[in-house]
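Two forms, one protein chain; structure tokens for each follow separately as structure 1 and structure 2.
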Structure 1
Amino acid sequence: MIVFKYVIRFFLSLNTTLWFLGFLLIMLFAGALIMPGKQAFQGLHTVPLFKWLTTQPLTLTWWLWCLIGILSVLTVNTLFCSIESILKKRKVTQWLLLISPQVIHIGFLFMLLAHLFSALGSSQRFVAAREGSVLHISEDSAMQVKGINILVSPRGYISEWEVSVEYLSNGEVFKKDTIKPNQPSIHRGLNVNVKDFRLFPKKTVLLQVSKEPGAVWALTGGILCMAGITILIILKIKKER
């Protein structure tokens, strides 16, 4: 029982937040010193984080494991503090003033959740393709590059471009799409972008095929954080007036 009370007090303490934020900065600083000198980190963004971590020695990734532990503690700390704040101030008449800091906390938790999903299932690869190239993007589907249209201005600058693609399953087309500037092709959680292209000797594009399962959660978290901060500032200004 004493241990349980100590654990509760630990996660409800603001000192826990401050200390672990300090530890977080120290680990990030350590990573900034370690990463540039190690070639193993070049493949970090091509596979899910946890899958990559399990293949690397602990002497190289200790600071990342520490970061994961610190973020886990901060997550529980945020939950405990938010619940305590609501319970203590549940009789406050200005409901928006009470709930806006908790909305910010929830947004923070959504962003942590987004990073967790990405660490478990994200992927990224680059593929060079020409007109007619077929790329296998999943176990049951493929993507064919049907056309690469590039418009060149009289001065020799590329003024416009688009890449038309088709998605196939068992040899049959079930979806057509077009990739343009700031307009990727999205299919079953996969995001296909054009990163570069060449006109000669043949039209060729460099495609980036990526999967970010945490993208929607990160967007949700960002919107909640901005909404909570905006409401809190407006209410504080009105209260002071």
Structure 2
Amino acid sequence: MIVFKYVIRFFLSLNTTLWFLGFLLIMLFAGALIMPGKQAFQGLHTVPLFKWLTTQPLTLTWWLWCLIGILSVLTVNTLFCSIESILKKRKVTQWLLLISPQVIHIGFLFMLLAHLFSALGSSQRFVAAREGSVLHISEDSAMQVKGINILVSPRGYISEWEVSVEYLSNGEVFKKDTIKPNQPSIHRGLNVNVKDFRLFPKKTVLLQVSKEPGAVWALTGGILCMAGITILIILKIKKER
């Protein structure tokens, strides 16, 4: 019982937040020193983080393991503190103002959840394609590049481009789409972007097929954060007046 009380007190404490935010900063500083000089980190985008971590030596990844541990403690700490705050302040006036930091906290937790899902199941691969190329993107479907249109300005810069694609299943077209700048083709959780072009000898595109299972959660977290921030700023300004 005493241990249970101690654990509860530990996770409800603001000191825990401050200490672990401090540890988090130290680990990020360490990572900022280690990461730029090491070639191994180049491969970090192509496989899920957890899979990558198990294949790399601990001398390179210790700070990432520490980050995961620290963020786990901060997650529980945030949950405990937010729940306590909401329960304590549920009957006070200006409830919205008091609740807005907790909305930001929940948004932050959603973003952590997003990173967890991406660390478990994200993937990225690159495929070079010309007009007419067929790419197998999943077991039962393929994607055919129908057209590559690139607009080059008189000064020689690519000013606009679009790639039209068709999705096929058993040889039948079931979806048509166009990939443009900032407009990927999204199909069954896969995101197809154009990474690079080559105009000569034939128009060729380098397609990036990626899976980001955390994206929806990150967006949810972002929306919650934005809602919390907007309420906080509006109400703080009103209160100041």
Partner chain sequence: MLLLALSFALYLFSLWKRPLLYAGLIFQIAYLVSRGFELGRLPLVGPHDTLVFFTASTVVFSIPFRLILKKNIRFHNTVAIGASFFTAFALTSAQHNAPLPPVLKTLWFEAHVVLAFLSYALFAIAAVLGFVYLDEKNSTVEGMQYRAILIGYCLFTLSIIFGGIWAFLAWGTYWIWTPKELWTSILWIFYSFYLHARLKQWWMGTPLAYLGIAGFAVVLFTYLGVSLLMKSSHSF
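For residue numbers, the reference is structure 1: its sequence is counted from 1. Take the two forms, superpose them, and find the largest set of C-alpha atoms that agree within 1.5 Å; that set is the rigid core. A quick note: this is a predicted structure, and the numbers were derived from the prediction, not measured.
Between the two renderings of this chain, the form predicted in complex with the partner chain is found in structure 2; structure 1 comes from elsewhere. For I99, the Cα coordinates differ by 2 angstroms or more between structures 1 and 2 after the core has been superposed. A displacement of less than 2 angstroms separates the C-alpha positions of L28 between structures 1 and 2, with the rigid core held in common. The Cα position of L44 differs by less than 2 Å between structures 1 and 2 after fitting on the rigid core. In this core superposition, S169 moves its Cα by 2.7 Å between structures 1 and 2.
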